[in-house]
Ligand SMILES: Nc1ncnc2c1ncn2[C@@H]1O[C@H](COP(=O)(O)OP(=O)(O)OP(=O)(O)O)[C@@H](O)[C@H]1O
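This document starts with one chain, in the form predicted alone, laid out as structure tokens.
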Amino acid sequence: MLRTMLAGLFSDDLAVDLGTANTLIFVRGEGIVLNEPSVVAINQPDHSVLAVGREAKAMLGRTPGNIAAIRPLKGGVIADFDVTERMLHYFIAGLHRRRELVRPRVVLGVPSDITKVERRAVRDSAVRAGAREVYLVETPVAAAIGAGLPIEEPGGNMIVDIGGGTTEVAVISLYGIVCGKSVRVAGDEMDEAIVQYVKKRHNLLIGERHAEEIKVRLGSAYPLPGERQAIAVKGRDLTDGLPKSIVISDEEVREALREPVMTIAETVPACFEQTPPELAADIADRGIVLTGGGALLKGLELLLARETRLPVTVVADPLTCVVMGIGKVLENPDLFAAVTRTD
């Protein structure tokens, strides 16, 4: 009992965006203190952790048989509980300089369509990683708060959060999600689409990290003005197994991304089908707000504006919008009481 009380005295509250691609942590009173890839490198023989975050991501596709570089979250939820727990413990312990008494209160962002079993798994992983208390907030709500939308008002706010594993579309009013749609199509599926396109069109096999680089440099959802761009892409020729280099254009990358991008674009009108007319009228005035790393795909806001005939804006810093929203929840007692859950 005394140990628990002392732990509370020395704890620092944390807001955590436990994402498929990246984990971000916000400390109350300090802001964002950690932004690392959600990757862990494990030594297979003894299951020890060799690296976490950027160092582990650099090992993806480059490890020998005795080392596995693991991404423990898939589609926005935990796929490997043990590795997720160890990753969280590493991050939390590192932030607190491994002081034994520190057991922070943690607020975690979770997908809106997460099941009760998945909620329990997230909560249990955080507790075993060193959290004293764990509260959950739905990612679209956190993104809307981070974007500065007036979710406390009786009016419609539409948020489209495109992460690494999940795209969530939600209409929010009076602190809650009135209606929403979630699809397991986001940044990771865009990377995989590029891998498959290069494989099919050019008979070349590339890795997911290289595909992500191509997406960032050349990816777009809508034709943009300016000169055509192209870059050299290196991989393994599937015919003779030898290293090979080709040149790929922005037009080809846009073609490769067409299917996942259109899946995301079609999810927005599908959400409107469930939206009460009063809230739909509000959104017609206020427009749609894009957050998440996928919002950085060039021309995506233009495509969504064309598909919905509504104004679409991208927040200033879409990558950190969710964790900043969770951080505001952590710092505001009234907001905390309105949007967090413990189940």
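Note that the coordinates shown come from a computational prediction; the quantities given were computed from them, not determined experimentally. Residue numbers here begin at 1 and follow the sequence given.
Omitted here: the form predicted together with this ligand. The next part is about that form.
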| item | value |
| --- | --- |
| L296, heavy atom within 4.5 angstroms of this ligand in the predicted complex | yes |
| 4.5 angstroms heavy atom contact with this ligand in the predicted complex for R119 | no |
| Close approach of I162 to this ligand in the predicted complex, 4.5 Å, heavy atom | yes |
| Contact flag, L319 vs this ligand in the predicted complex, heavy atom cut 4.5 Å | yes |
| The unique member of G146, G187, P140, P104 whose heavy atoms fall within 4.5 Å of this ligand in the predicted complex | G187 |
| In the predicted complex, segment of 187-195, 124-132, 266-274, 150-158 with a heavy atom within 4.5 Å of this ligand | 187-195 |
| Partner contacts for 15-29, taking this ligand in the predicted complex and a 4.5 Å heavy atom cut-off | D17, G19, T20, A21, N22 |
